[in-house]
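Okay, so here's just one chain, in structure tokens, the form predicted alone.
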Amino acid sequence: MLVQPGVHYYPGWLSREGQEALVTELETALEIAPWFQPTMPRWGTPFSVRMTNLGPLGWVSDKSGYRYQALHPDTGNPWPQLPESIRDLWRDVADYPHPPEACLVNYYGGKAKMGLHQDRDEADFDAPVVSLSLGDDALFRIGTLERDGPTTSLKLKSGDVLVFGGPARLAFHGIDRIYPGYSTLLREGGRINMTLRRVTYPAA
């Protein structure tokens, strides 16, 4: 479903069986790259979400700023590999010839949210952002290239996929709220969001 130019919504893309298999893979990955608590640049204010990453590069945020790096900020170890099912998702919906380099994994508790922001720490804006929801429902909002521009809201459910690229690649977007108890997928409740990104320009 086309939400707005550049924004495609695929409800129920991943089956319950596929979701459960992916959660099992994530639990294994978390033994290597446990959740860490990102903080805002300069001020050090903690985010309301916890994070980890999969793939060659991972997105982190601390007092030094936003950036991608190859090592977990707490353990110093490389990030776990991307699951094949996530690679398949990118191939199916991204419409981009090169593989993703980072999968940011955010965990939202019942009161967590994410303010409107742009994904602009990547070098290659030709590649879209591909997002997969797991667990509780969430109210997602996406707008324009202006922070105060008009926005569209979607209630994302477990297994839903959202892709934004082209004219919406730098659109402001965020999570306004989580709906606790809407899913039994995660033992601890809450929501996991997996966001696939291409970071660098492909080699010529």
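In case it trips you up, residue 1 is the first one in the sequence shown, and so on. What you are looking at is a predicted structure, and each value in this text was computed from that prediction instead of being measured.
What follows is about the form predicted in complex with a small molecule, which we do not show.
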Query raised in the report: Are L26, F36 and V60 jointly within 4.5 Å of the small molecule in the model of the complex, each by at least one heavy atom?
Result: no
(message) Residue-level contact is defined here as any heavy atom of the residue lying within 4.5 Å of the small molecule in the model of the complex; does R198 satisfy this criterion?
(response) no
Contact with the small molecule in the model of the complex for V129, defined as at least one heavy atom pair within 4.5 Å: yes or no?
yes
- Does Q19 reach the small molecule in the model of the complex if we count a contact as any heavy atom within 4.5 Å? no
Answer for L104 alone: is it within 4.5 Å of the small molecule in the model of the complex, judged on heavy atom distances?
yes
